[in-house]
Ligand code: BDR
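Only one chain is included here, represented as structure tokens and corresponding to the form predicted alone.
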């Protein structure tokens, strides 16, 4: 029987891939999507989630959420995800503000689905607010898969900090202190999930005659250009799909029991994971991943009409080479 899941997300290029993967994994029953500030502003994130839902055949409701962190200003990652949030893809419709009902949607889904699984792909603002506003949420939830943080590899926002945790560290603090069954999926493992440049170029070529291929090629093409310019990688890291895939099959990762906290400072350690001995929140942390198998699943669920399994699997090799060449 599939697990009921709600995805909280800030689409975002890799978020879009993650949503499309979730739509096609038989182990998961997607019951809702909530959107958050993060990779783009909240209006664009919500519109983008609906666009991916339309293309992937997702019928679960999409609910707009937090426009800003609990105590800080929002900082959209437009240099990474583009002006509209999905790279070179240009939408037909302008993004429009909607009322923030994400916390309520999470609370309702937690009440309606026994041990609801949460998959968190952006800043944790919506989750923190749901916990704070609705007494039943923390105890009603099942596993909470969080793509965020970094332990042993360089961060994406600062040397020590990954973007999602940097974006709203106070929300992370709320979530960590809520007694949840946390399954943390940090950059240490997501950094190994790379769609190689050759695969993106095939998508862009296929997009000359296929609208869906053009959508993915436009999104990933921008992401690839960013990674090439930023770090010399011919390909793009797709962090978020790993959290979705591990929610469906945790055996694809190696897990370690740890106690973790988060830095809420204003320096370069803002949002950094604090490995806190016995003092932090207990969490199962993914420390290793069978990257080739994960990339094969991404191919089968999203890119099979245009890309071969062997071509995309090369991304695991590209990631391993890059990590070897860039010791932290």
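On a predicted model such as this, the values are computed, not experimentally measured, just so you know. Residue numbers count along the first chain shown, from 1.
Separately, the form predicted in complex with the ligand exists; it is not shown, and the next lines address it.
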### Task
Can you check 89-97, 162-170, 133-141, 68-76 and let me know which stretch has heavy atoms within 4.5 Å of the ligand in the predicted bound form?
162-170
### in the predicted bound form, the residue from 147, 175, 245, 189 that sits within 4.5 Å of the ligand by heavy atoms
147
### Message
Under a 4.5 Å heavy atom criterion, is residue 39 part of the interface with the ligand in the predicted bound form?
### Response
yes
### Message
Residue-level question: is residue 113 within 4.5 Å of the ligand in the predicted bound form, judged on heavy atoms?
### Response
no
### Query
Is there any non-hydrogen atom of residue 156 lying within 4.5 Å of the ligand in the predicted bound form?
yes
### Query
Does the ligand come within 4.5 Å of any heavy atom of residue 121 in the predicted bound form?
yes
### Task
Select from 226-243 the residues with a non-hydrogen atom within 4.5 Å of the ligand in the predicted bound form and write them out in sequence order.
239, 240
